[in-house]
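Just the one chain here, laid out as structure tokens, in the form predicted on its own.
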Amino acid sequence: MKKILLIAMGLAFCAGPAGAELKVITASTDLKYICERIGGDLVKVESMASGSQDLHMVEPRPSMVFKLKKADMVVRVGLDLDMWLDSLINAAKNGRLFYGQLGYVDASAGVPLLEKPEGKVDASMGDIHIYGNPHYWLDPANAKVMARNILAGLKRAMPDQTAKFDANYAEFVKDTDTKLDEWTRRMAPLKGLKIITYHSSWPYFASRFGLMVAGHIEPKPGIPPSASHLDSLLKKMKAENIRVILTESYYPRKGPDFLAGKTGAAVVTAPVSVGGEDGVKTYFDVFDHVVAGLEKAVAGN
């Protein structure tokens, strides 16, 4: 009887949603954009977080539970970055969205991870992610992995629309490769550039384009900078002639501006997600903005 019930549940899901559109909830605006590109007019997608929010700090709200109750699929960043989503899914009690079920998608599956901590991990190390750095979407090449995971989820939900999803996925990959070639060409003169970042959000971006992250304004992930830490960064920047500070748009400017004022470094304020700043309407806009900001900073220095 248990096997029969499980089979019936699977068939009900595979038959697709009752309405014309598949209702998808994503943890981030970047995942929303990719989902809409692949799902097209067959999906209705809503992001739990805005593009201007730090994904570590999203506050669960009752309205989010209500939306998840009605969702056919959930797409999360994973790697414990969006742990707040766990309590929401549990509260919604929507069986389709539980871990391992047909409507659950972890966009990080298959991404080559960086900065996976070794040895003992404890609270004294700050906001450490035990599975690896979760900011993998800031390497635009990883968009193809994210899209592939979303594609698999959409196919499970609407198997009769496989051909359309495959075509949309192929188009997205083509657009990603075209933009990746452009960004690689533009970033080539900046290869080897040393930068200071606010948070450890940029190792994937730096690895993709050959930048060197020489330090962070946070002494440890999630820990605000002290005067002594800023002083040590100041000495390092002067000694190594580091003239670019890359800071996420939602972090305070006090620390970056202090260092810039003492060293003459340029501060590049960057959105890390779709909607993070005015005019950043697509996933590709994020990188257009960051690349342009770095080009301008280097030219100015």
Partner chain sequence: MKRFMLMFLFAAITPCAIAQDSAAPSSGTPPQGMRGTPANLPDISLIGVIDGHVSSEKSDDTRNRLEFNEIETAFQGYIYPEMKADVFLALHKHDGTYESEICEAKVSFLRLFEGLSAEVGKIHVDFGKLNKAHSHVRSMTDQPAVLTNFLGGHSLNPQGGTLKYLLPLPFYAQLQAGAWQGAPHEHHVDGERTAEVTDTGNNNVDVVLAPEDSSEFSPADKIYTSRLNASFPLSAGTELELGTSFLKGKGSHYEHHKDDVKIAGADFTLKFWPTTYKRLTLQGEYMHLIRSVPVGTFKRDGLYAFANYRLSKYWDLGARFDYAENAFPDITFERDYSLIATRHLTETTTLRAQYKYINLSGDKAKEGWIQLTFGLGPHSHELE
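Numbering follows the first chain given and starts at 1. Everything numeric in this text was worked out from a predicted model, so none of it was measured.
Separately, the form predicted in complex with its partner chain exists; it is not shown, and the next lines address it.
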Practice problem: Heavy atom within 4.5 Å of its partner chain in the predicted bound form: which of A227, A188, I223, A167 fits that? Just give me the one. | Solution: I223
Quiz prompt | Position in contact with its partner chain when the complex is considered in the predicted bound form, options I195, L151, L88, L138, heavy atoms within 4.5 Å | solution = L88
Exercise. Would you mind picking out the stretch of 235 to 243, 250 to 258, 263 to 271, 30 to 38 that comes within 4.5 angstroms of its partner chain in the predicted bound form, counting non-hydrogen atoms?
Key: 250 to 258
Practice problem: State yes or no: in the predicted bound form, is some non-hydrogen atom of W183 no more than 4.5 angstroms from a non-hydrogen atom of its partner chain? | Solution: no
Quiz item: At the 4.5 Å heavy atom threshold, is G95 in contact with its partner chain in the predicted bound form?
Solution: yes
Self-check item: its partner chain contact in the predicted bound form: D231, any heavy atom under 4.5 Å
Solution: no
Self-check item: Distance check, S108 to its partner chain in the predicted bound form, heavy atom within 4.5 Å
Solution: yes
Quiz item: Which residues, if any, of 56 to 74 lie within 4.5 Å of its partner chain in the predicted bound form when only heavy atoms count?
Solution: H56, M57, E59, P60, R61, P62, S63, V65, F66, K69
